[in-house]
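Each of two forms of one protein chain follows alone as structure tokens, named structure 1 and structure 2.
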Structure 1
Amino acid sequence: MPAATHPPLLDSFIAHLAESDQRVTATRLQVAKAIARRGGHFTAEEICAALPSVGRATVYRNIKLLAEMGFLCRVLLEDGSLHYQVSHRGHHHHLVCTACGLAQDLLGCDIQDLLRTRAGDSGFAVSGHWLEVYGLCRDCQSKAP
């Protein structure tokens, strides 16, 4: 069900680089391809391991760049470790399966309104929030009763 590749990622990345006076380098494309090749979420270190010819600092720099451009979003796992995954642009949250690790997007969250009401009671002005949801995906539920 998850798309195997993200060919649009490469194209959008190149277009976005050109628009913002950043160079389209071979290394950048390598990093982007390594990410696109991989389904689901990943850590920066995993990309480093997958691209031993690319410097660690460079991998981190480019992941940061991709995240700032909105092509990647950050996923906080239950153990506190930070992962990334190709992003559906726009605000969303993640349903993280604690068994298989799959992180599917939870779109159309109407939490902000709820929060504004609740927090408003104590005079707090909400400007943002971070939400991760943990549980079992459909497949893992049927596997492990």
Structure 2
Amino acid sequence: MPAATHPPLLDSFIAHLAESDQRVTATRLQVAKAIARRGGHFTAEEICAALPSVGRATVYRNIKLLAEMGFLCRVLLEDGSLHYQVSHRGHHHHLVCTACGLAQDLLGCDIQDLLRTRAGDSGFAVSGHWLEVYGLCRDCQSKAP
């Protein structure tokens, strides 16, 4: 399939694989296409169900690769379940609606300096952080009594 017919996620993924000297396999493309077709966040198990001909370990391995490459980000729902969604690439956090499960990107991170300062006061060197903010999205707020 010519690269021009792929959605932007696939084009970027294929280019990045080639730049990283990794193979562009049919299975990797199947997983990436299944993800590109999804709207919002998803679980690895949902991708497994969408691709019954692809082994579970292969799906998980490719989701991990996409996350490591920055194409996917992890979204931790309030119930503790781990989901993924296509990433805007770059450091960001999520606003997660506890009623409908919508996960919105919260771009920009003003908390990083505060974390380093507070952690430094305790002699701790911060190497990274992951922040999810839980509440109600605008639609769910308007539906609330």
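Values in this document were obtained by computation on a predicted structure and should not be read as measured data. All residue numbers here refer to structure 1's sequence, counted from 1. In this text, the rigid core denotes the largest set of C-alpha atoms whose superposition between the two forms falls within 1.5 Å.
1 or 2: which is the form predicted together with another copy of the chain?
Looking at both copies of the chain, structure 1 is the one that matches the description.
After core superposition, I'd like to know whether F124 moves between structures 1 and 2 (criterion: C-alpha shift of 2 angstroms or more).
For F124, whose C-alpha is compared between structures 1 and 2 after core superposition, the shift is 2 Å or more.
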